[in-house]
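One chain follows as structure tokens, the form predicted on its own.
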Amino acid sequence: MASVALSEAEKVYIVHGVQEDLRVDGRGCEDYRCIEVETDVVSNTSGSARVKLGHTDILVGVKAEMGTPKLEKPSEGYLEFFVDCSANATPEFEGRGGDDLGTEIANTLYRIFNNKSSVDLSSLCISPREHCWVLCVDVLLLECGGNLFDAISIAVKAALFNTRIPRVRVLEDEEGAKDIELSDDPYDCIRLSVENVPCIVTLCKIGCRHVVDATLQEEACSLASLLVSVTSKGVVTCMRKVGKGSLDPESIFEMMESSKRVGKVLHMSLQSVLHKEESLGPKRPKVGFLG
């Protein structure tokens, strides 16, 4: 993950500011930076989104492909995640430098989507045991400016909201052979419900307090962070500790409560933006990634 070098004086300045609930950029401990969200930015995908959070820039594309259901879940489709850490994001990702981080992010996404409540996977089934939709979610890190996991989870939810899957009919002949017919109408499609899709809220422990949406400088002052997956109703679906430091039980409880409060507001704001953008229709101006 991208990192910055700070002097001891700079670290002391950041830590003391956090103790007073005043961060370097003027935010409080539970405030996010301005988030820019734009959907439908890549034309050759089933759904796409671009999210910019401070200096963190994420592009996500979703491609619907036909596949075979997994043996343990014959009546469901499934999601696959691929994460590419571009060398343009930070020099540390050159060569195979970003492979470990990409694998870590992909595994985290698999964990938060590994429950029936996040996405209705049964709606992706075409014919039990034979055909289903596989949603390939490609995540591209364009720029790394801190708080990667939160930005990626927001971008994935926005891209899934924008995803349109062609409606399919299964025709069976007299001999029992099945034939699949895709609708030619681009508006005849199914949409995924993303109401229960969780977002990740990362809380970094700095000194005796914790902050959300940490910058690279603040991450350099933190020895331990807690990644909490929160739904729009404030339900925690999973959490994971990262970093070399330790967290006491009281701190973990406080961080979980903070993540629930912050997560509810985050979901509400994101849903509002997504619905507002969709209401503008195809004539909406392109102002972001491909503007």
Partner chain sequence: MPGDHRRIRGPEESQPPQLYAADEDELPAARDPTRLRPVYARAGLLSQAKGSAYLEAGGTKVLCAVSGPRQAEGGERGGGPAGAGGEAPAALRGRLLCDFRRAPFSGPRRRAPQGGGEERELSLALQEALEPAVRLGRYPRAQLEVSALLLEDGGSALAAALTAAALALADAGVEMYDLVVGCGLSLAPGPSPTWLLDPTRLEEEHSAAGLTVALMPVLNQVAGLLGSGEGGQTESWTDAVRLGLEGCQRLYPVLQQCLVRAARRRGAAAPS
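Numbering follows the first chain given and starts at 1. Owing to the predicted nature of the structure, the values given are computational and were not obtained by experimental measurement.
Below, we turn to the form predicted together with the partner chain, even though it does not appear here.
Participant: Consider residue 107 of the chain shown here, and say whether it contacts the partner chain in the predicted complex, taking contact as heavy atoms within 4.5 Å.
Facilitator: Yes, residue 107 sits close enough to the partner chain in the predicted complex that at least one of its heavy atoms falls within 4.5 Å.
Participant: According to a 4.5 angstroms non-hydrogen atom cut-off, is residue 64 in contact with the partner chain in the predicted complex?
Facilitator: No, residue 64 is distant from the partner.
Participant: Does any heavy atom of residue 167 come within 4.5 Å of a heavy atom of the partner chain in the predicted complex?
Facilitator: So residue 167 does not count as contacting the partner chain.
Participant: Contact between residue 193 and the partner chain in the predicted complex at 4.5 Å, heavy atoms?
Facilitator: Result no; residue 193 lies far from the partner chain in the predicted complex.
Participant: Exactly one stretch in 185-193, 140-148, 76-84, 114-122 has heavy atoms within 4.5 Å of the partner chain in the predicted complex; which is it?
Facilitator: Flagged stretch: 114-122.
Participant: Taking only heavy atoms into account, state which residues of 221-247 are within 4.5 Å of the partner chain in the predicted complex, ordered by sequence.
Facilitator: The stretch touches the partner through 226, 233, 234, 235, 236, 237, 238, 239, 240, 241, 242, 243, 244, 245, 246, 247.
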